[in-house]
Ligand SMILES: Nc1ncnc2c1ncn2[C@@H]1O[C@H](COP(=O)(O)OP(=O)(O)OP(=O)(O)O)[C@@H](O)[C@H]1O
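A single chain comes next, written as structure tokens; it is the form predicted alone.
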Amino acid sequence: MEKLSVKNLTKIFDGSIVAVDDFNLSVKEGEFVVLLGPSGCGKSTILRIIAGLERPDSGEIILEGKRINDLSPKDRDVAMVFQEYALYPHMTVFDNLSFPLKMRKLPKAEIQKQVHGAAEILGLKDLLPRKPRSLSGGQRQRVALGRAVVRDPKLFLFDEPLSNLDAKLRQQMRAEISKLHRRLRATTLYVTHDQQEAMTLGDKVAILKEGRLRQMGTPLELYRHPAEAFVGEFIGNPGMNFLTARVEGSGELRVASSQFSPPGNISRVFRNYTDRELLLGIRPEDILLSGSAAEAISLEGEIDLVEELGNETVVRVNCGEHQLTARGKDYGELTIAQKVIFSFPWSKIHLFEKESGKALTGPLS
């Protein structure tokens, strides 16, 4: 069942700055959807429009079958958790949690019940008498979450709630939010620019660029089948590598001044693009640094950067006009300026149009 529908949403600032451009989104009951994209892509603006904090220039927001464009924020029955904790410093944790319930004039007994229920879920029971200044960053964020949970809204909105926390605490809070969602099964729209956060939290991820929706799907769908080069580069750590290649009339592929003959089952794919330049996409983990390999494109390059990460190594290789990143284990001793032969299997290549970046195929396997 559809819980939230956003139709043809557009928002323009100062008469010319298009923050959101004909954006459409459908969120099912109980679904956790992440809006992901670089800074300035419009994701927070979309969240603020849904919450009623900004007015769209055009488009509709439908929540549980009801158009809410003209409702005030307090009448939309949505709860928003901001990047800043936005806690009342002079109030205890209990008073912070109970404040939205008092505004709704609920009976004291009901307020007590709901606050203690939210505190139990989020591990805040021992913190109820304390004030925000005596809490850690993670505890303050849990209080901010609790203030949303206690309202039992139709829709949860999260605007980069973990960006002020350090890396270890972000990881812990991701687990807390994931556990909270599994317990409540609340419909959630979550904004972040952190693709790891998006991949670990979202049932679905919507990729935005320049105010437009570029692709939406499960994390694995986006990773395995990016609809355009931008998505391939944005999803993955590091992102997808790209090389310019030309399909010759002979059926061979010219890459970095070298020519290669695709194997029979794959050559049929390339024959569709004879005399055209394409972008070849290859994931860093699919690049081998152990020399030439069968059924693979092999090129020579020079190491530009080596990052030892303990369980794996990230290596940047310059190859003519191209710069590629490889990620793997057991590379052995590598040094800057070292010449290497690297290769990647034909079966792992993604093809994209050079000009538009639109995907022509998924992996060729």
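Numbering starts at 1 and runs along the sequence shown. Because the structure is a prediction, the values reported are computed rather than measured.
Heads up, the form predicted together with the named molecule isn't pictured, but that's what we're talking about next.
Taking Asp95, Asp152, Glu160, Glu176 one by one, only a single residue has any non-hydrogen atom within 4.5 Å of the named molecule in the model of the complex, and it is Glu160.
Listed residues Gly52, Gly30, Gly59, Gly40 were compared with the named molecule in the model of the complex; Gly40 is the one with a heavy atom within 4.5 Å. Taking the partner from the other structure, the named molecule in the model of the complex has no heavy atom within 4.5 Å of any heavy atom of Arg130.
By the criterion of a heavy atom within 4.5 Å, Thr325 is excluded from the residues contacting the named molecule in the model of the complex. By the criterion of a heavy atom within 4.5 Å, Leu351 is excluded from the residues contacting the named molecule in the model of the complex.
Taking non-hydrogen atoms only, Lys209 never approaches the named molecule to within 4.5 angstroms in the model of the complex. Of the candidate stretches 21-29, 340-348, 353-361, 8-16, only 8-16 has residues whose heavy atoms lie within 4.5 Å of the named molecule in the model of the complex. With contact defined as any non-hydrogen atom lying within 4.5 angstroms of the named molecule in the model of the complex, the contacting residues in 43-82 are Lys43, Ser44, Thr45, given in sequence order.
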